[in-house]
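Take a look at this single chain in structure tokens; it is the form predicted on its own.
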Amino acid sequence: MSNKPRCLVRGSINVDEFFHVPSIVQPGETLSSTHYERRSGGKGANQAVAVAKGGGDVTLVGAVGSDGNWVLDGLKQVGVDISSVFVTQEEPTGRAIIQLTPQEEAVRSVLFTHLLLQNEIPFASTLSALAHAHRSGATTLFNPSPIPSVEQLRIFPWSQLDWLLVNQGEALSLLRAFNSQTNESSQNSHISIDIPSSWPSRPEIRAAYLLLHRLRANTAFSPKVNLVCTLGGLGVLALLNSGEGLYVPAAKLNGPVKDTTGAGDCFTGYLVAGLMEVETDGRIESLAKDVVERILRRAIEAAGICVQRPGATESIPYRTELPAIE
């Protein structure tokens, strides 16, 4: 494997169609749209763009229909390697059916140091890519969105994962799935934590931090996984595999929020790009707290710019647009 960090994103590539209407259409109602837009999307594509704009080398493995060539052109323009994207003539872009097995050969043929996965492709493909990355010694990251089924969460090989990126609702779904499997809901409900005095004394932050600790303590999970939990306008929490906790507040916005569609993917891609910078000589089992804090701060700043712009991939800022992070 090359020492130069390269992220492989195994995920979805979609065409998002936007119909501007005066109100949400109700069942049986017909409305005329006032405007139509077509944009590139899909969590895999969005996060690959964020990695590239964040300064990382990234290869995207996915599938598009022949109607998606313009999407690939846009990905290539921002620096995403699309040489492993499978183009099918049988189905249009954005349908799950076009996520075909030939892409698993692409995963095995690309040299990469970091693997980023979501949950918009068949679960079996995710597990296959993760197993290969784990065997090759790559740093593995999973953003389980949309949240997998309870059964999928139970059988997921958490010991093969290095970083888990969730929002609070997804973290709660994980804990519920684990507890229904292990009957540990009463066993770890006694866990108590102390919130650092430097953190805001908000009940929402305390509840989310306790949730992460309960996940970490559950025997169905893996203690080596670094947990990152986004809290929307409150910022981000992290519970590192060293046992240390981190809180980083949300970015201060310079204007109104226009579109939150790609904010989570922007944050995720920038976090991966930050990890790639510090893991230049191979995977680091346990990163220093201050290093992770700088990475999270940069990812939060990028997401803050993202929400002030319309669109998904188009709204993700380049690294040069971010304020300096000390």
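Numbering starts at 1 and runs along the sequence shown. Please read all numbers here as calculations on a predicted model, not as lab measurements.
Another form exists, predicted in complex with ligand ADP; not displayed. Remarks below refer to it.
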*Of the listed stretches (219 to 227, 232 to 240, 121 to 129, 195 to 203), which one has a non-hydrogen atom within 4.5 Å of ligand ADP in the model of the complex?*
232 to 240
*Of Thr260, Ser286, Thr280, Asn69, which residue is found within 4.5 angstroms of ligand ADP in the model of the complex when only non-hydrogen atoms are counted?*
Thr260
*From the list Leu210, Val107, Leu172, Ala250, which entry has a heavy atom within 4.5 Å of ligand ADP in the model of the complex?*
Ala250
*asked:* Would all three of Gly56, Thr139 and Met276 be in contact with ligand ADP in the model of the complex, where contact means some heavy atom lies within 4.5 Å?
replied: no
*Is Ile13 close to ligand ADP in the model of the complex, meaning a heavy atom pair under 4.5 Å apart or at it?*
no
*So in the model of the complex, does Ile295 come within 4.5 Å of ligand ADP, heavy atom to heavy atom?*
no
*Contact flag, Ile300 vs ligand ADP in the model of the complex, heavy atom cut 4.5 Å*: yes
*Find out whether any non-hydrogen atom of Asn167 is located within 4.5 angstroms of ligand ADP in the model of the complex, and reply yes or no.*
yes
